[in-house]
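Have a look below at one chain only, the form predicted alone, in structure tokens format.
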Amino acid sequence: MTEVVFPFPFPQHLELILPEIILAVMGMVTLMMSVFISKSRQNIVAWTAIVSLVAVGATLLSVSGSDHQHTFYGYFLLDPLSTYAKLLMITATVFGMLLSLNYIKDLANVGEYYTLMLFALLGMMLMVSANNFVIMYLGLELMALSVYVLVGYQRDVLRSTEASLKYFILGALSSCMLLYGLTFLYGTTGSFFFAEMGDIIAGTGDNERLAVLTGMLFVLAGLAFKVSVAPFHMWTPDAYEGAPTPITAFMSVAPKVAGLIVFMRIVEEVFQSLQAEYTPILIFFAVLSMAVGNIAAIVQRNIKRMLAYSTIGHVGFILLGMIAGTIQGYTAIMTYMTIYLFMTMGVFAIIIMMRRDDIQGELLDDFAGLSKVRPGYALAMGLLMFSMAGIPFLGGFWAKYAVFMAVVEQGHIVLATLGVLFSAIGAFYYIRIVKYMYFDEERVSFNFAKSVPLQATVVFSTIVIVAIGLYPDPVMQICKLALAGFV
């Protein structure tokens, strides 16, 4: 790493962080715009934010390369993995804003809503470009504080404020656990850099072993909370249900991508020499998440809570790739997150369109008979549900197939069998929605919102899922290229 001296020299290769600088500036610009633009024209702020994200994505592609590049004295890393993760998060944020256009237009302070989404994304982009715990933690807290506020954005809705408060309290607890673990690791190694810390940990003796293992345990627990891994998942159902539905869609993808990338980096670079110790912990997390997520989702009548438990189950499947610890395992994780992005956005777009006045299509009964009144949306919802269940040959099938094959190649036959079992259990509640739509009579009548962005999201997501299902190789190859130099 570049030695830092005082006075600090001007950072080299500052262009690498240009996307983050643009994002920060546009966050402040949209905040000021919201002050001076009338409430009836607040969608200008939204479209400005969306155009900003497109510019950030284009800038990111222009400055990225196939090498590992550093700036800010080695504290900021731009490599193919962080580039691909940022593109996924930018896409998720664009989708989240498109889903929000009609949903929040009547709320107060709409401009702040989009500003918070931009700053949440900024925190995530810093997280995935972190190669040390200082930048990672700053990015994590910037993201978390923004998302806490977004969850409770509908301040006059009791469940929204309650969810935000619960998420904030439990989030603060997880941050404490993460910091507590870091104190042990820093006290033992004297460094915050992932690679340097990993090298020192690999050479530690028996005297430091207890401190290192204690630090590892608390760090893994803190990260597990951030990505909704059981038994640290308690906040997820309430936060998903209480948040505005576009924010539920946003937080079910973008922060998960950031958290899992950080999880991968720390496991691979910091705790690589402790694989024998952390693997049983990851196996426990994965099995418990698959069990809790898929079994608890069966009894849910609210589709947002059902999808919250579904997310916990999906994270359990994703952890299987991390347990494999190979290029195939990490490729499977990236493929899974890519496919999950489109599945989730398509599903939530349909849920949002079923919102009419104060009634929202959140209950399973609301989907009864949908095929008779809206056959197109029912078909899209059915395909997306089948994909989430892992039915061949849709995108979700290849996501699960990839993680199962990765653990099988490493000899974890029992783990793969449990994965298939819980996947079969999970298929029940996904297919149940299809049964409601095609075999039940209509119980609640909805005037579907007429919104081009929502309709485009549904059509685009469904086409992508079907296309990946029929021809998954390009996505898997792109994900494999993104891991160049990582493993």
Partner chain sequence: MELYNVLDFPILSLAIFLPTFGALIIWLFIKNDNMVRWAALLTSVATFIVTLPLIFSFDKTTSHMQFEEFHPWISAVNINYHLGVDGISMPFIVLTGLLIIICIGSAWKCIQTRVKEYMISFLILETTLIGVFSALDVMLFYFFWEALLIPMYLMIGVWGGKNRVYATLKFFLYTLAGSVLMLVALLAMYFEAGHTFSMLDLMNYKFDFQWQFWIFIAFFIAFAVKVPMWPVHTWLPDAHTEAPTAGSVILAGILLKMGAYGYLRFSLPMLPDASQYFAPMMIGLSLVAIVYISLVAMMQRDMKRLIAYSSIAHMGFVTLGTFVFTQQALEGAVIGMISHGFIAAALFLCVGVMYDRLHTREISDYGGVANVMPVFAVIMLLFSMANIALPGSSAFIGEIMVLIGTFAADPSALVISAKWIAIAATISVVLSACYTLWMYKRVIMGDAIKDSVKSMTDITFREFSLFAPLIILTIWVGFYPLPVLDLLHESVAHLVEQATTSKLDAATALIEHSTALNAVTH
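Predicted model, so just to flag it, every value in this text is computed and none were measured. Residue numbers count along the first chain shown, from 1.
The same protein has a further form, the form predicted in complex with its partner chain, not shown here; the description that follows concerns it.
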{"query": "One residue of Ser191, Asn102, Thr417, Thr183 in contact with its partner chain, assessed in the model of the complex (non-hydrogen atom, 4.5 angstroms)", "finding": "Thr417"}
{"query": "Candidate from Ile281, Leu288, Ile327, Ile391 lying within 4.5 Å of its partner chain in the model of the complex - any heavy atom", "finding": "Ile391"}
{"query": "Heavy atom of Glu409 within 4.5 Å of its partner chain in the model of the complex", "finding": "yes"}
{"query": "4.5 Å heavy atom contact, Ile21 to its partner chain in the model of the complex", "finding": "no"}
{"query": "Heavy atom of Ser371 within 4.5 Å of its partner chain in the model of the complex", "finding": "yes"}
{"query": "Ala427 within 4.5 Å of its partner chain in the model of the complex, heavy atoms", "finding": "yes"}
{"query": "Its partner chain in the model of the complex reached by all of Phe218, Phe271 and Ser273, non-hydrogen atom within 4.5 Å", "finding": "no"}
{"query": "Option from 128 to 136, 394 to 402, 231 to 239, 148 to 156 whose residues, in the model of the complex, bring a heavy atom within 4.5 Å of its partner chain", "finding": "394 to 402"}
{"query": "Its partner chain in the model of the complex - contacting residues of 452 to 487, heavy atom within 4.5 Å", "finding": "Gly469, Leu470, Tyr471, Pro472, Asp473, Met476, Gln477, Lys480"}
